[in-house]
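The chain below stands alone and is given as structure tokens, in the form predicted alone.
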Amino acid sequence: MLKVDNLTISFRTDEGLITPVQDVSFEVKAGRTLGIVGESGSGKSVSTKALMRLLPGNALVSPDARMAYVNKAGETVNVESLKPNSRALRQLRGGEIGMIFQEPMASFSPVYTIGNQMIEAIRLHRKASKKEAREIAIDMLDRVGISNASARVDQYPHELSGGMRQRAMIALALSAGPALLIADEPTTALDVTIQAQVLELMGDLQRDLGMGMIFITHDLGVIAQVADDVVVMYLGKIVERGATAEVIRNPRHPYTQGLLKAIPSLDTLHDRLSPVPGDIPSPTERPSGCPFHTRCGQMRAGQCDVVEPPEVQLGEGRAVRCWLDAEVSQSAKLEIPA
């Protein structure tokens, strides 16, 4: 239902041109969840904001980028060609593609009630009277597990707890009946118990409504619970992709291996965690060669730090970008510049 090809995003800044996303391609299949995982600064959120055309005015999207979305009517919409503030773009946002942002307090207006904001979204995308829209809003709040929804609908965002605000944000995103949902780290600010409830809720809603979903997170443990397919991003590039079960069972890239080792386990409570060493570089100081070589304990000098590895297909939807992988080294000719 969504296919993204050759997406490169740059920003004009006082320090020059910064490119946080480079040549990213992925697809989302109907009824399935694509997980996008990586540390802060990997380019996860920027990539999906491009789908909603929510990038700031100083952003530049590569002219060869293609973002093709198949809408509810079965028509292919080229998102990159939609005109700003056009009716087609307004219909895409919310009506076709819904988005849950990281911090609900920054997404809800503090001066309007939850219900007021939901009713506005419903009436924008669905043929409903104000009374009908209010009933839909109450029903959606009830479906996401908010008790006494008929009273909560008239409350302001600050009157709800963090977990309830997150549920209300999910209800708002789903109230217009989107076919594709983008969830941008929707459980980051929640405690573990509420996080588990929200993840279960989103899975139930996806099955009930038949939606496709893009789930963005830095936690591979969460991805293992919710995603059918996964792409691992590092410094603006996809370094590994494949079916979630296969990537977790047999990670091929050192960065993916590092993210898995950093997940706490109840079986190893007395062992020290093994974090990925160092910090992700700034896009303004992008290293030569493989972008991960500055933090990789297996780095081969003269190869990994000189030439960027190509992405090599390993099978159906499975690919990796790493010189240490035997299949990458065998299929790509190493050309070290003079």
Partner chain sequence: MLRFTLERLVGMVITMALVSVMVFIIMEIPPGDYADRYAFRKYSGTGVNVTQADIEAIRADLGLDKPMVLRYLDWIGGIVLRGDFGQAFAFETSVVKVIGDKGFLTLGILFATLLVTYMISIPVGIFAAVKRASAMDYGLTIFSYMGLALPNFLLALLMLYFASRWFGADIGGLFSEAYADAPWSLAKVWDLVKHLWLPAFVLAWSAVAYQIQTMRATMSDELNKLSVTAARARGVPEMKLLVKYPARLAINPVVSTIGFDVNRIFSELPIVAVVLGLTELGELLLKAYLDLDMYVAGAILLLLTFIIVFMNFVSDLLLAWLDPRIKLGA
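Residue numbers count along the first chain shown, from 1. The model shown is predicted, which means the values in this text are computed figures rather than measured ones.
The same protein has a further form, the form predicted together with the partner chain, not shown here; the description that follows concerns it.
J.: Even though the partner chain is not shown here, does it sit in the predicted complex so that 52, 108 and 120 each have a heavy atom within 4.5 Å?
T.: Answer is yes for this spot.
J.: Which of 135-143, 233-241, 254-262, 91-99 has heavy atoms within 4.5 Å of the partner chain in the predicted complex?
T.: Checking each option against the 4.5 Å cut-off leaves 91-99.
J.: Name the single residue among 188, 71, 197, 116 that comes within 4.5 Å of the partner chain in the predicted complex, judging by heavy atoms.
T.: Of 188, 71, 197, 116, the residue with a heavy atom within 4.5 Å of the partner chain in the predicted complex is 116.
J.: Quick one: of 158, 126, 131, 83, which gets a non-hydrogen atom within 4.5 angstroms of the partner chain in the predicted complex?
T.: By the 4.5 Å criterion, the partner-contacting residue is 158.
J.: Is residue 172 close enough to touch the partner chain in the predicted complex, meaning at least one heavy atom pair within 4.5 Å?
T.: Taking the distances in the predicted complex, the answer for residue 172 is yes, it comes within 4.5 Å of the partner chain.
J.: So in the predicted complex, does any heavy atom of residue 219 sit within 4.5 Å of the partner chain?
T.: No, no contact at 4.5 Å.
J.: Quick one: does residue 103 come within 4.5 Å of the partner chain in the predicted complex, counting heavy atoms only?
T.: Residue 103 belongs to the contact set for the partner chain.
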